[in-house]
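To begin, one chain is listed below as structure tokens, in the form predicted alone.
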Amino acid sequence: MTFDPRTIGKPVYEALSNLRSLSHQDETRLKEQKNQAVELYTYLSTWGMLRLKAEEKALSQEGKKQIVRKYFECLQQLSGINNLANDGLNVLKNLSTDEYLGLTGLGLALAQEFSFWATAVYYDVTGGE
């Protein structure tokens, strides 16, 4: 099998593009999506994946919640770990230490892709929260 360097970037670009193209989104929601996508790496490196999955339930801003959902969907697709997007807390809690650390490494690389593609997909969305 040949390594394809687009393996991580392609699902992220598609996820953000599809999210961006949803109808009925105002400027505030688009800013929430962009900011959350850019901040994923910092959050993950500071707090870890288990807390990010728990944060998904606690987020009140729909735009931010949408990005976290897409992140775990992409991570599930890339890792091949079932139910990571839906029942992620239990899945993450039950992984071995080696599996969790390996998944965290993949998750950090994925978060970098979210940050990069957010700038490209949301190029016309400016300003902070």
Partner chain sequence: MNSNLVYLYLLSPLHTGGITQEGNLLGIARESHTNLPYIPSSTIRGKLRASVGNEMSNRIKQVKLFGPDLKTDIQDRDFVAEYEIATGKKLTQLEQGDVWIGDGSVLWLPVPSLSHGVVWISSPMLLQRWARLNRITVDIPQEYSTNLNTNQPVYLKDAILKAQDLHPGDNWETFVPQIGHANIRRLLVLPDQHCCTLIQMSLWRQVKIKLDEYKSVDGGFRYEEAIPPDTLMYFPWGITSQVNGSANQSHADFQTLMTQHSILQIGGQESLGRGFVQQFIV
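Numbering follows the first chain given and starts at 1. None of the values given here were measured: they were computed from a predicted structure.
The same protein also exists as the form predicted together with its partner chain; that form is not shown, yet it is the one meant from here on.
Trainee: Might L101 be said to contact its partner chain in the predicted complex, defining contact as any heavy atom within 4.5 Å?
Mentor: L101 belongs to the contact set for its partner chain.
Trainee: In the predicted complex, does V38 come within 4.5 Å of its partner chain, counting heavy atoms only?
Mentor: Although its partner chain is absent here, V38 would touch it in the predicted complex, with heavy atoms inside 4.5 Å.
Trainee: Counting only non-hydrogen atoms and a 4.5 angstroms cut-off, does S45 reach its partner chain in the predicted complex?
Mentor: Judged by the heavy-atom cut-off of 4.5 Å, S45 is in contact with its partner chain in the predicted complex.
Trainee: Would you check, heavy atoms only and a 4.5 Å threshold, whether C74 touches its partner chain in the predicted complex?
Mentor: Heavy-atom contact with its partner chain at 4.5 Å: absent for C74.
Trainee: Heavy atoms, 4.5 Å, its partner chain in the predicted complex: which of 25-33, 79-87, 63-71, 47-55 makes the cut? Say which one.
Mentor: Every other range fails; the passing one is 47-55.
Trainee: Within 88-120, which residues come within 4.5 Å of its partner chain in the predicted complex, counting heavy atoms only?
Mentor: The stretch 88-120, when checked against its partner chain in the predicted complex, contributes T97, D98, Y100, L101, G102, T104, G105, L108, Q112, S115, F116, T119 at the 4.5 Å heavy-atom cut-off.
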